[in-house]
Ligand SMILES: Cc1ncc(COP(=O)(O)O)c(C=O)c1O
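One chain comes next, on its own, written out as structure tokens in the form predicted alone.
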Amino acid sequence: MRIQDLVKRELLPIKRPVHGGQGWKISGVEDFSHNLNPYGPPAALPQLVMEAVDQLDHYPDDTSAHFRQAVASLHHVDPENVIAGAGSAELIRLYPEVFISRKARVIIPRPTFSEYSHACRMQGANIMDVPLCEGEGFRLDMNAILEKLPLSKAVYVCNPNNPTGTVEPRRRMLELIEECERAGKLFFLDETLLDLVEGHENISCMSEVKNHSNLFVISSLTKSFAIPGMRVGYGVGSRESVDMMDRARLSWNLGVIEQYVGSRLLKEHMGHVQRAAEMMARERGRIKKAIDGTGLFSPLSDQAFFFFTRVNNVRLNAVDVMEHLLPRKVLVRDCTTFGRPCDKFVRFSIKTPEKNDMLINAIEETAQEIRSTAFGARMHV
């Protein structure tokens, strides 16, 4: 008996997505490959966890009522507009399970977070990828999306986009959401990285779910509070769409600790996130000026709290640069897994000023080393 003959055929060509944040595997390295709050978790986190431990002798509330209320208050929606998830990853998987049928077409800009296409392909969907406009800072190609819209069932957008760091303004997002609504198409919006962008309140479309029935927006506490080891996420949508997803949701998907800690963090510690966003906005210009001066990369975009940039040297790719930086105790994200031309791109986050100095020094030394090596090679020609 061959298991391959019995499994769903949609699964056979699929490989697991590859993500950053692998620094825990390498001793003594500062991990700039992930996009977490550089201040780390709030100081109150251990106490909050201990307070929740006493409740572990009973099942969690399957409705996550207190957590959903905290989300609703934060985003000015009703609790019925909110669904809890074990991180945003669960909701990325759940959405196509509920809404995307086999052979449906889904528009996904490229490059972007690989979990969207992975989840849709597991349902047998066909991906209509629309390349982002590199010459315009990797912005959405609205004309290309609208051209393919009649053939699709849903559009996926990540804002800020991962890995490019492009932040689309709220006005532009709403124009696309409204075009999709008029055409009877679903719109999946990932704002997981948005809380750490200064001025995010004027960019987020969370509260718009009350006005647009086709809109579903996800976020999580992973990045904002630097707690990737606790899987706490949520989605916000119309009452009807949330009700449909809730019918298919895994029971007890948010544990007692996650519900309690998540509620308290959203109610009492958003200032921790805001301070990080403000600090990273200040650091962004300093890092850009220093690293642009090395000539190692194309000029850095300065929209989000992480950078996505092309390696300038034609002889080097992203893996080469990553390996040059590792001996200097700095890990950046090699973006090869996002597909071409991303094999020439790296991504790295903004951290605290002291750690950013470490990044700048490592890149300056690497640029000098590469220049010296290239000069030596020419001398021997």
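Everything numeric in this text was worked out from a predicted model, so none of it was measured. All residue numbers are counted from 1 along the displayed sequence.
Omitted from view is the form predicted in complex with the ligand, to which the following refers.
Undergrad: Check G87 for me: does it contact the ligand in the model of the complex (non-hydrogen atoms, 4.5 angstroms)?
TA: Contact with the ligand, yes.
Undergrad: Heavy atoms within 4.5 Å of the ligand in the model of the complex: does F308 have any?
TA: Result no; F308 lies far from the ligand in the model of the complex.
Undergrad: Looking at the partner-bound form in the model of the complex, is F113 within 4.5 Å of the ligand by any heavy atom?
TA: So F113 counts as contacting the ligand.
Undergrad: Evaluate H269 for contact with the ligand in the model of the complex, applying a 4.5 angstroms cut-off between non-hydrogen atoms, and reply yes or no.
TA: Because no heavy atom of H269 falls inside 4.5 Å of the ligand in the model of the complex, the answer is no.
Undergrad: Given a 4.5 Å cut-off on heavy atoms, tell me which of 290-298, 67-75, 97-105, 113-121 is the interface stretch with the ligand in the model of the complex.
TA: Of the options, only 113-121 has residues within 4.5 Å of the partner.
Undergrad: From the list N81, Q259, T164, T192, which entry has a heavy atom within 4.5 Å of the ligand in the model of the complex?
TA: That would be T192.
Undergrad: Quick one: from V209, L265, I92, L254, grab the residue that has a heavy atom within 4.5 Å of the ligand in the model of the complex.
TA: It is I92 that has a heavy atom within 4.5 Å of the partner.
Undergrad: Select from 216-233 the residues with a non-hydrogen atom within 4.5 Å of the ligand in the model of the complex and write them out in sequence order.
TA: If the 4.5 Å heavy-atom criterion is applied to the ligand in the model of the complex, 216-233 yields S220, T222, K223, R231.
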